[in-house]
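Given as C-alpha cells, the chain that follows is alone and in the form predicted on its own.
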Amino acid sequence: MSDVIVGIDLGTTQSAVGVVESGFPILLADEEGERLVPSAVWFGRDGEVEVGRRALRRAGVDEVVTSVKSLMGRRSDEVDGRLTVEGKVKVGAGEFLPEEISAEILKEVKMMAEERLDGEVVKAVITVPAYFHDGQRAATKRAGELAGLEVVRILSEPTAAALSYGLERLGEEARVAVFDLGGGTFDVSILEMREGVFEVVATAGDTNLGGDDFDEALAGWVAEKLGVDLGELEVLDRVKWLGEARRVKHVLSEEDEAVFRMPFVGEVEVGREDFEGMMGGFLDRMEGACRRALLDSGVEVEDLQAVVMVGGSSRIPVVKERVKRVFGKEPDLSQHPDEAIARGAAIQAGILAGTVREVVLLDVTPLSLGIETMGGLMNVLIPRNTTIPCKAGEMFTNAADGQRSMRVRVLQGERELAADNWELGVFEVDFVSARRGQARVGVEFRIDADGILSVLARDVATGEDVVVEIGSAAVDVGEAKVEQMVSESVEFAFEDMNARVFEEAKLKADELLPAVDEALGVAGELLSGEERSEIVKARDEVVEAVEQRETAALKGAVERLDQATEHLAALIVERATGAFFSGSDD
C-alpha cells in the first residue's frame, strides 16, 4: 500500500481524494458515502478538532474556519485583516497558520482514503490554482507534510481538469480551453492534447475570485435593502448571512426567484436578474483572463475543439452564458464540476505511480521571472508560459573595482524596468575581489514540476554556490494586479522600451566618458585641434543628453563619441605597441 499515490483536490469550499484503480480514476467516499468533504475546520478550547460536515454543524453556534485556501502563503496586508501580523488565523482563543488549518483538512481526506483502501497512505498529488505563486505552492506543500503526506507533485487545477477530460480521448488531437471557477479561485488554461501528451500553452486567472465573492456581493446587496451593515456584524452573525447568500445563489442557478431570509431581521425577494446585475464586474474580470490566455497561446477561438467548464461556480447560468460569448461555442459540461479536479489529480498520481502509462503532462509557468541588472532593468531568464520543469541561466559580472559581493534581486512580471515588477526575494552572493568586469557570477533559475522556483548563484572563480528556494515570498498575483501587469506591459511597451534603451545607452555612456577623459590625458596632444574639439563636443553632447534623459539624443551622442574617438584609440594602441617593441630592442 505504501506505493499508492492519491490525488487530492484541496478546495476552497470542499475537498476530495481519488486514486487510480484498474486503470480508472475513482473518488473515495467517507463512511456516509459522501465523496466531497467541506473545507471547514473547528478548533475546540481543549485541543479538539473537527473537520468537514461535523465542523459545519457547529457553524452559527461556534466559530468555524472556512475558505482558508485563500489565505495560504499570503501576508496579512493582502487579505483584508483575516490574518494577524504573524500570518496566523485567529480562531476563538487560539491562532493557527493557514497551512496548519489546511493540514487538518488533508488529515481528514488522508484518513478517508486509508479507510477505503485499507492501508496507510503516505504519498499524494495536491492541486492548486494555476496562478498560485511560489509562496502559496510552498505553503500547500507544507500543509501536506504537516498532515503526514509526502507531496510528490503540486498540480495546477485546470491541468487536472484537462487530464480528467482527456483521459478517454488519448487518441485525439485537440486544443482545449479549461475554465475552472471554484469557491475562491478562478483559472483558465489553453491546452493541446496529442497522442497522450497534454501541453499547457497558456494560463491566466485570479486567486481572489470565486463563489465566496458572489456570496459577499449578494449578502451585501440584501443587507443594504434591510438597513444592515455587514461590516459591523459579529463573526457568527456574518457567517449566517453568508450561508444564506450561498443557499440563495444555489437556488437562483435553478429558479428565477428566491427569498433571502434572515430570522429576526427580515426577508428580501431576489430575482435572477438582480443577482446577474451584481455579477457584472466579476464576469468582466473572468472575460479579461480568458482573452489574455487566448492571446498568450496564439490560438484562435475557432481552433478550439472544446471549452471545458469545471468548479462549483461554473453552474451559475450567467457564467455559462459569458463563457459561450467569449469562446463562441457551447461550453462542455461533461465533467462533474465538483469532482473533475480530484479525478485529474488521481490520474496524475497514477502517472507518477506507474498505473497510468499513456499520458505525458507538460505544464507552464504563468509569469516571467528574472533579476534586476545594472540600470534598474529587468533581465528575464524564464519567459511566461515556459513549459515546466525548466531551468535557465546567465553570466553576470562586477560593476566596480574591488567589489566583493553581488546583490541578486529576483523579480516576477512583464515590464522592462525592475521597479515596475514584483520582487520575490533578495540575497547576496560573495565572490573573489577583481577589477571591474573581471569577476564572473553565474545565476540559474530552476522551476520544478510543482512550479516552485529556486535560484542558484555561483562564483565561477571558486565554484562556491548559493542556493535559495523562493518559497516564502508572498506576491499578490490576483486577477486585478496580473491583468494590470500584462495590460501595462502592452500599453507602455513603447515607453518601457524607450526607458530600457536609455538605461542601456546611459550604461555605455558611464563607461565611455571616464575612458575618453583618461585617453585625452594620455594621448590628447597627438590629436589635431579639430579632432580634439570634435571629441570634446561629442563628450558634452553625451553629458547633456544624460542630464536631459533624452533617449534618442543620448544614443546618437554615444555613437558619435564612439566614432570621434576611434583615431584617438588607434593612436594609444600605436604608442603602446611602439613602446613595447622599443623596449624589446633594448
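It should be emphasised that the depicted structure is a prediction, and the values quoted were computed from it without experimental measurement. So that there is no doubt, residue numbering starts at 1 and follows the sequence shown.
What comes next is about the form predicted together with a small molecule, which is not displayed.
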Of the candidate stretches 348-356, 314-322, 296-304, 220-228, the one with residues having heavy atoms within 4.5 Å of the small molecule in the predicted bound form is 314-322
So which of 246, 238, 329, 508 reaches within 4.5 angstroms of the small molecule in the predicted bound form, heavy atom to heavy atom?
-> 246
Of 135, 288, 370, 184, which residue is found within 4.5 angstroms of the small molecule in the predicted bound form when only non-hydrogen atoms are counted?
-> 184
Hey, in the predicted bound form, does residue 565 get a heavy atom within 4.5 angstroms of the small molecule?
-> no
Using the partner position in the predicted bound form, report whether residue 212 sits within 4.5 Å of the small molecule, counting heavy atoms only.
-> yes
Mark residue 250 yes when one of its heavy atoms lies within 4.5 Å of a heavy atom of the small molecule in the predicted bound form, and no otherwise.
-> yes
Using heavy atoms and a 4.5 Å limit, would one call residue 11 a contact residue for the small molecule in the predicted bound form?
-> yes
